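Quick heads-up: it's one chain on its own, the form predicted alone, in structure tokens.
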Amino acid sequence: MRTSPYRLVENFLDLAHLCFIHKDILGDPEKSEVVAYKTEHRKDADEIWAVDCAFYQPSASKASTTGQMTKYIYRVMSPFSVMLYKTVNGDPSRNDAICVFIQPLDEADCLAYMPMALVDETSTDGDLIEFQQSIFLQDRVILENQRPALLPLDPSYELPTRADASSIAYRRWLKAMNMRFGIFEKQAA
């Protein structure tokens, strides 16, 4: 993808875009509210977590037959790796696990690998891959056209909303690490 690896992580964390970019699949424009959730910096593992996330999804997975309030837990394990635990349609005791591991090629170009562990007894591997690829391709158009391509850490450059709690935590974490690679910095006037 022609984007900063951090933009890719942020997109994966972003609940607010689901109803607009993934309309009638992962979101419904008529049910766009992002319910308040919590973020945590788990210092023992040096990871960012977003917990108590919930969002209405018309078709949360390939196996979905009805819409549902899907519960999410996000885990950012490193600046270039993020994981999602997501409730399974029809079995709230189990979670799907979807990861994105990013290999930066340069500051605004990267490869993304997406291993998945999904609870789905009806879909073929090809069906699962096609479903995930369709989601990824919808995101790709947005990500490759974001400006600046690099991620700004200055909170005044892109104004966050309450729905962006995970992004705010992620950017603060990157800033605390003094990350410079792939980071947009305003030029002095």
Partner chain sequence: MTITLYDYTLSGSCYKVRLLLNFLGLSYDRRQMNFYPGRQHKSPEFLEINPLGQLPALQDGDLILRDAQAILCHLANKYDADGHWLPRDERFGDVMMWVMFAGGELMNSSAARLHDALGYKLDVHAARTNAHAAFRVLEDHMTAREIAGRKWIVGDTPTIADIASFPYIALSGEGGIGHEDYPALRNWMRDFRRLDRFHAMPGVPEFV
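Computed from a predicted structure; not experimentally measured. Numbering follows the first chain given and starts at 1.
Here the subject shifts to the form predicted together with the partner chain, a form of this protein not shown in this document.
Novice: Under a 4.5 Å heavy atom criterion, is Arg180 part of the interface with the partner chain in the predicted complex?
Specialist: No, Arg180 stays farther than 4.5 Å from the partner chain in the predicted complex.
Novice: When the contact criterion is heavy atoms within 4.5 Å, does Ala45 count as touching the partner chain in the predicted complex?
Specialist: Answer no; every heavy atom of Ala45 is more than 4.5 Å from the partner chain in the predicted complex.
Novice: Answer yes if any heavy atom of His41 is within 4.5 Å of a heavy atom of the partner chain in the predicted complex; otherwise answer no.
Specialist: No.
Novice: Mark Leu137 yes when one of its heavy atoms lies within 4.5 Å of a heavy atom of the partner chain in the predicted complex, and no otherwise.
Specialist: Within the cut-off, so yes.
Novice: Sequence order please: the residues of 123-141 with a heavy atom within 4.5 Å of the partner chain in the predicted complex.
Specialist: Heavy-atom contacts within 4.5 Å come from Gly126, Asp127, Ile129, Glu130, Gln133, Ser134, Leu137, Gln138, Arg140, Val141.
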